[in-house]
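One chain follows as structure tokens, the form predicted on its own.
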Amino acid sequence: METVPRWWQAMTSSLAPSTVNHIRERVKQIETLPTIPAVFLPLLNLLNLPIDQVKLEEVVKLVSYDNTIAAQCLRMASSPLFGLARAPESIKSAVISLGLRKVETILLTCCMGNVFSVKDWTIDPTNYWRHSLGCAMVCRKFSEKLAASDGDKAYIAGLLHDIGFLVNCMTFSKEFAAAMEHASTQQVPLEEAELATMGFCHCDTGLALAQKWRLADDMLQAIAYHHHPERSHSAQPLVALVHLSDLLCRMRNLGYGYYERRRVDLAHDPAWAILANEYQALEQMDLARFSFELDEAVGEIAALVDIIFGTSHKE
């Protein structure tokens, strides 16, 4: 029997019990899909370990386990984006050249493309992956600016925060199509459109999947609360970081393919206050300069999407 955290029960209390059960039943269908690489969940567990507990041999073993993923990893490591003097000729040399954490996050990103092999995308796949990768990269950059201790955890949280959209594509395709249409025509955030047309949103479906996968509690909360970080119970700084990174991406045309009619004031967002209370470095942060750096990274993000997911996902 699955253990459901109290905060998860509190969050879903706003939904009708029948809706919660409906979501969980639909999410159960996902485990029957044959596209989840066997390496994916072990990788998530590995990434939750302190860096000094991660063994080189274990990473090489996981990378080599799936030929498709191994090829993607080598292709990414060979990309000029990672600045290696010469392309690695083996998985082991790639791991040594790039470093454990970078290889792990590259591999995790590659796995994400294989985990969700959605036949009929309700949401444009290029837009989805650009936003998810963009948010992951911004989370890491933001974390570095704040001198936060775990930029890799921030990267993973940014990468996974919107997995509920993929759940919706696979298990609520008709309902989600109506939500996408509503969001596009009304120029409102997708979360708002989902709630208006479906009665729940990607935070609910993403959380159901993440809980089924038994992800770490802070990852669950990043997925559940990234639109409302103040509701997080024990991971507010991480969730706030994801929230602001998500907004920064959507402000830079790394959203979901339509214009959102909304005003964004990052410095007065509740997430900003959460981070300011946690990190003194935020007071000295030049937001305008940081925004400029992000603008320069947009092209890099688009290139990464093409490298990882191939030409089939190009617009």
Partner chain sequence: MAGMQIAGSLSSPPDGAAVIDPVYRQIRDLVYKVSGMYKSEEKLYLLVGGCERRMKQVGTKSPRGYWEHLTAHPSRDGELRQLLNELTIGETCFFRSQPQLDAVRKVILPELAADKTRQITRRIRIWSAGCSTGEETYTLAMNMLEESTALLKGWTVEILATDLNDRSIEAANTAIYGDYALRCTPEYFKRKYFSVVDDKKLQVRPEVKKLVSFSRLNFQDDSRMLFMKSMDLVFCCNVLIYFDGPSKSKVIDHFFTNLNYGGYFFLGTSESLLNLNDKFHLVHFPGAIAHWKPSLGGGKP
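Everything numeric here is computed off the predicted structure, so don't read it as measured data. Positions refer to the first chain, counted from 1.
Below, we turn to the form predicted in complex with its partner chain, even though it does not appear here.
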Interface stretch in the predicted bound form with its partner chain - options 253 to 261, 64 to 72, 49 to 57, 273 to 281, non-hydrogen atom within 4.5 Å: 253 to 261
Site check 248, 268 and 300: each within 4.5 Å of its partner chain in the predicted bound form by heavy atom: yes
Non-hydrogen atom contact residue 285 with its partner chain in the predicted bound form at 4.5 angstroms: yes
Any non-hydrogen atom of residue 90 within 4.5 angstroms of its partner chain in the predicted bound form: no
4.5 Å heavy atom contact, residue 185 to its partner chain in the predicted bound form: no
Within 286 to 300, the residues that have a heavy atom no more than 4.5 Å from its partner chain in the predicted bound form: 286, 287, 288, 289, 291, 292, 293, 295, 296, 299, 300
